[in-house]
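Form predicted alone, single chain, as structure tokens, below.
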Amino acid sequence: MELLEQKIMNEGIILDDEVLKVDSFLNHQIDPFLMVEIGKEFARRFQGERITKILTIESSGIAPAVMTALQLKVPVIFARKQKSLTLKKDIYVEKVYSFTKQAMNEITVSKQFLSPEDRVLIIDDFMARGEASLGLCRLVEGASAHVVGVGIVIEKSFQEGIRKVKEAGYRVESLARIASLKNRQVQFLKDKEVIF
């Protein structure tokens, strides 16, 4: 997605060979105009999939998930990372390791919001090692629902996440695919290019 790639080039900050900071438009401050376009693009890529719900993980996945849901006219569920007083039982729980935070999180979704009839699109901001996407897929499957695919705003193609998620049998659509962050330069993969 050219608009997103331009935003990454203009506003992204490379912290090292593995970490790209995009908090000026995605992870802290949100560019709502870009999010609308991201939502339209995910809706276009997954059209015809009869999606009934979108699932993301708090908090950076919420904005692109909501904009996609708006286009598809379906609800958004976000998996919580923090324990909630109101969410103690009748929940699906998975453990997910966060590459960015370098910590293990327990994510939860109320059983009230996922059912076997659901066709779920998973949306997340980044894919690095694939842990969040796979954890969300396990939550959906724990409800006997169907994962129609995984939509990723920014894929770090040089890390193993994309390979792991695809090898697990899931369709992945990434809007920006980064081949490298070496020498403080963002290198994008083109349409069908792959690293693994």
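Quantities reported herein were computed from a predicted structural model and do not represent experimental measurements. All residue numbers are counted from 1 along the displayed sequence.
What follows is about the form predicted together with a further copy of the same chain, which we do not show.
Among the candidates L134, A143, L70, V148, the residue which, in the model of the complex, approaches a further copy of the same chain to within 4.5 Å (heavy atoms): Result of the distance check: L70.
Full three-residue contact with a further copy of the same chain in the model of the complex, heavy atom 4.5 Å, for Q159, G169 and V194: Spot residues vs a further copy of the same chain: no contact at all.
Can you tell me which of 24 to 32, 149 to 157, 40 to 48, 126 to 134 lies within 4.5 Å of a further copy of the same chain in the model of the complex, counting heavy atoms only? Contact-bearing stretch, as computed: 24 to 32.
Taking heavy atoms and a 4.5 Å cut-off, does A63 contact a further copy of the same chain in the model of the complex? So A63 counts as contacting a further copy of the same chain.
a further copy of the same chain contact at S115 in the model of the complex, heavy atom, 4.5 Å: No, no contact at 4.5 Å.
Decide whether R119 counts as a contact residue for a further copy of the same chain in the model of the complex under a heavy atom distance cut-off of 4.5 Å. R119 lies outside the contact set for a further copy of the same chain.
Contact with a further copy of the same chain in the model of the complex for M9, defined as at least one heavy atom pair within 4.5 Å: yes or no? Looking in the model of the complex, residue contacts with a further copy of the same chain do not include M9, since no heavy atom lies within 4.5 Å.
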